[in-house]
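Read the single chain below, which is given as structure tokens and is the form predicted alone.
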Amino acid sequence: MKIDMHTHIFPEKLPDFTRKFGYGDFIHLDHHRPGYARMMAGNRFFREINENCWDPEIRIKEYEKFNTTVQVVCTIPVMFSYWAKPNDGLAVSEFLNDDIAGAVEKYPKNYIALGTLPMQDTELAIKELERIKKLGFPGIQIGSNINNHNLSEPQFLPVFEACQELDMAVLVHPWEMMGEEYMQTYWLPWLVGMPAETTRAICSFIFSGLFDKLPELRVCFAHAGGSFLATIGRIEHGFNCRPDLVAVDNPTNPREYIGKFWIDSITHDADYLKYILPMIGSEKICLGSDYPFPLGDLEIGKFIEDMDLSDSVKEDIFALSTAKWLNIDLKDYQ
């Protein structure tokens, strides 16, 4: 069994939130040709998507080619809209969550939902978290920073506490990459900024002690944990040589937290996957693709199938790790 736990889906029909709210560059769609749409941020072109981004039946057929039946779906991070006024951010989150809930309701064996929260407002975020819990969502997706505030900031702790109490898993996805305005060439925000953003989020969790404060919180970091595992030596050395700067809120060596969170499998590199497997363990690596975007693993783990790994390791990566992260019963999807 294979579950792709990192995929993005989008409503085919999206309100013009800019017109509705009277400000901002909210994303809207320009269906300029059959089967395709331009994502527009105000008058600025952001990205072209095609119907496999919004049509659940097309997605199911495409996944059949890779012997994968189940997709965990969440919105495209540009839709987080954390910069919006809180109540408007809530309205956007509600619309996106209701759209995903519709896909899950229609295809309950094929789709699992991760919700979106208005993280710019703690009370509203918890309110929406409680609502989507009742809708059957097993978790949420959040950004690696919230309006450039690290996830370690005190204002976010109640949201994470609510996630632990409600048994809701968390996927942390990079977005609004640090230094993005200074590296617009060569697609550097996606190639360099995203791995750094994910590392920023992991370090924020570790150094603030969030994993100790919330031991039952289940967190997965996208894109194989960014550059964190590759640079743990430097991070640990910094912790050891300058504890006055690093260990100010948590005296525990950061290396000790490896294995206490999940990552997805999107390494694009068999050798790197072999490198991190002994570090974090197969039970903490989940099959992910970032479908349907070209920077993703659009062969849905084929490179893992081709690797010389034991059946038990592959079973962990392909389904068991995701089941533990989301606390779901695989029998419900067979």
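Keep in mind the model is a prediction, meaning the values are calculated, not measured. Counting begins at 1, following the sequence as shown.
Unshown form predicted in complex with a further copy of the same chain; subsequent notes refer to it.
- This chain is drawn without a further copy of the same chain; in the predicted bound form, the residue among L157, L191, L166, L135 with a heavy atom within 4.5 Å of it is L191.
- Scanning L96, M178, L214, A103 against a further copy of the same chain in the predicted bound form with a 4.5 Å heavy atom cut-off leaves one residue, M178.
- Judged by heavy atoms within 4.5 Å of a further copy of the same chain in the predicted bound form, the contact stretch among the candidates 280-288, 25-33, 62-70, 293-301 is 293-301.
- At least one heavy atom of G233 is located within 4.5 Å of a further copy of the same chain in the predicted bound form.
- Although the partner is absent here, E57 is not a contact residue: none of its heavy atoms lies within 4.5 angstroms of a further copy of the same chain in the predicted bound form.
- In the predicted bound form, at least one heavy atom of H237 sits within 4.5 Å of a heavy atom of a further copy of the same chain.
- Contact check for S265: no non-hydrogen atom falls within 4.5 Å of a further copy of the same chain in the predicted bound form.
- Within 4.5 Å of a further copy of the same chain in the predicted bound form, a heavy atom is found for every one of Y186, S208 and Y275.
- Residues are counted as partner-facing when one of their heavy atoms sits within 4.5 Å of a further copy of the same chain in the predicted bound form; in 142-180 these are N148, N150, S152, M178, G179, in sequence order.
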